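Next up is one chain by itself, shown in structure tokens, the form predicted on its own.
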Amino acid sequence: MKSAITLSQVPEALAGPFVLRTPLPEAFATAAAIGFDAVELFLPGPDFVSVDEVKSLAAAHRLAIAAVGTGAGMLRHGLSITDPTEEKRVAALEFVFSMIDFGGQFGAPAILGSMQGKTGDLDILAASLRRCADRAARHGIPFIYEPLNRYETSLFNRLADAAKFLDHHDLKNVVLLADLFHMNIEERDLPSAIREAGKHIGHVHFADSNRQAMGFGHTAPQPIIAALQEIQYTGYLSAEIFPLPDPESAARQTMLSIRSLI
């Protein structure tokens, strides 16, 4: 397993769970200095920074790009791929496609979180996920779907339910994001949920029960890591957490926790 940390450049996400918010050159340097393997980018859109600049920063600091978020489409434009209005669904998919194409140029999959919508038709969700998965396949990468807690969506809140949905609709090239914060709200037992979803898990948001750095809440991480090892997960543990008590402290605590576990 590898470590990653979130870098946000979206002004509307100031209250969100993103750690490093300084300009990208500084944020990349901080992530590298603390010892992360990769960064997860949360950007306003695909035109915010050039692919060449991202590649240059990644090479200079020896960091991979773990994933790219799509949530700015919801935060800035109110878009979701299950919107009841076809016009908005089309616009939402175009935004997601643009982020898939952006991340695909450096091998980073896109994450569908808030842009799935708070409510929606499951058949529309399935059709949209299929199109996103096909788009990602052009770049040889998966598409990441994130079950969220009940306060953020009524679509899928638990890993097992989302996994069954993927199987039922034969949605290939879609993987699940196991976000430990959401799971702390929805799952009865986190390690068991990870084992049950097993083959579908393709990304992990590494957050404690209070959405702070692991070790600042009451989640027991050792059984979770053991479950991930049992399913032979080799992807990222990415810190999508509040920058508390300050960004650097949150980042260093995350790295300390990961190093103590792996």
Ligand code: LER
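So that there is no doubt, residue numbering starts at 1 and follows the sequence shown. Nothing here was measured: the structure is a model prediction, and the numbers come from that model.
The discussion below concerns the form predicted together with the ligand, not included here.
Within 4.5 Å of some heavy atom of the ligand in the predicted complex lies at least one heavy atom of Leu148. Residue contact with the ligand in the predicted complex: His182 places a heavy atom within 4.5 Å of it.
Contact annotation: His200 falls outside 4.5 Å of the ligand in the predicted complex, judged by heavy atom distances.
Interface membership of Glu152, defined by any non-hydrogen atom within 4.5 Å of the ligand in the predicted complex, is confirmed.
Residues within 4.5 angstroms of the ligand in the predicted complex, judged by any non-hydrogen atom, belong to 140 to 148 and to none of the other stretches in 185 to 193, 83 to 91, 140 to 148, 102 to 110.
Heavy atoms closer than or equal to 4.5 Å to the ligand in the predicted complex belong, across 114 to 136, to one residue only: Ser114.
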